[in-house]
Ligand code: NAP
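Before any questions on binding or motion, here is one chain by itself as structure tokens, the form predicted on its own.
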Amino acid sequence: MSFFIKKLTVIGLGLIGGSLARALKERDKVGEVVGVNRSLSSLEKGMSLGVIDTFTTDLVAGVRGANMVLVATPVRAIVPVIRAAAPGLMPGAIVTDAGSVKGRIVAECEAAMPKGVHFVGGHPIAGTEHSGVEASFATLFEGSRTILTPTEQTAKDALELVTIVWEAVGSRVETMDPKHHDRVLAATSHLPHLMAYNIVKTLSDLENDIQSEVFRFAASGFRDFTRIASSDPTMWRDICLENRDSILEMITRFRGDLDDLHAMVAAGHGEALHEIFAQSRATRDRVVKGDKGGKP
């Protein structure tokens, strides 16, 4: 299905919003792109890079006349931003988001839509450890997955357009119930990020003489595993607060497995340790080999 967005407004001009704008511009799928941020420096940087065509810090003015609005702010700002912008939304406009938590956000954003305006919950599973519009690039979504979280209130035409927008920039789109999404992402994304942050904290809390040796001899495995600990702290603080119940569930499960591992090491159960390591390696290899359409 061919499409063209006459006017796209990106609220929260950073890695995700900037990359979508770049990708659509590169494919001649969008006319005017408006950036809306609290930070003027980010907006000015977006203009200088050609990511956006104009900008404002006024939410209502920024969405006025927009055919599509992407909200790519930290998750705890999504609902307040959409409520504040609502008076400027025109009938027929489609609002979507890029937050990695969906349950409460989808319900409250749907309730905030003016008559004739449609909301589609979205979560592009793509990114890097870098943030800001200067980190954006047009190929970010190629080979990625995007989860859309429609409900009974979601307009079919709105869902279809948001789907083809993400597909047009190289992402494979899947749909999922909002609450189920939050449990899945707590396990596959939120828990690994918390683990990476906590491993770095554990090492940095060691006594100074040991710490210097630990980091001086850190191998590539340490850098690979902890790369995501360079992600935006504000974003991850908000994710933890917004998806608290599902994250606590996954931490509890992980803590139980870690306690088991601790017991095996303490008891010197070599066979049991080997079985866990072999099973984990086989699982990881199977998942990576079979994953044809998504970035981690």
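A residue's number is simply how far along the shown sequence it sits, counting from 1. Predicted model only: the values in this text are computed from it and were never measured.
This next part talks about the form predicted together with the ligand, which is not shown.
S.K.: Pick from 217-225, 78-86, 195-203, 147-155: which stretch has non-hydrogen atoms within 4.5 Å of the ligand in the predicted bound form?
M.R.: It is 78-86 that comes within 4.5 Å of the partner.
S.K.: With the partner left out of view, is Ala66 within 4.5 angstroms of the ligand in the predicted bound form by any non-hydrogen atom?
M.R.: No, Ala66 is distant from the partner.
S.K.: Would Val30 count as a contact of the ligand in the predicted bound form, using a 4.5 angstroms cut-off between non-hydrogen atoms?
M.R.: Result no; Val30 lies far from the ligand in the predicted bound form.
S.K.: Would Ser246 count as a contact of the ligand in the predicted bound form, using a 4.5 angstroms cut-off between non-hydrogen atoms?
M.R.: Flag for Ser246 set to no.
S.K.: Using heavy atoms and a 4.5 Å limit, would one call Ala126 a contact residue for the ligand in the predicted bound form?
M.R.: Yes, Ala126 lies within 4.5 Å of the ligand in the predicted bound form.
S.K.: If we check the ligand in the predicted bound form, which of the residues in 25-59 reach within 4.5 angstroms of it by a non-hydrogen atom?
M.R.: Those in contact are Val36, Asn37, Arg38, Ser39, Ser42.
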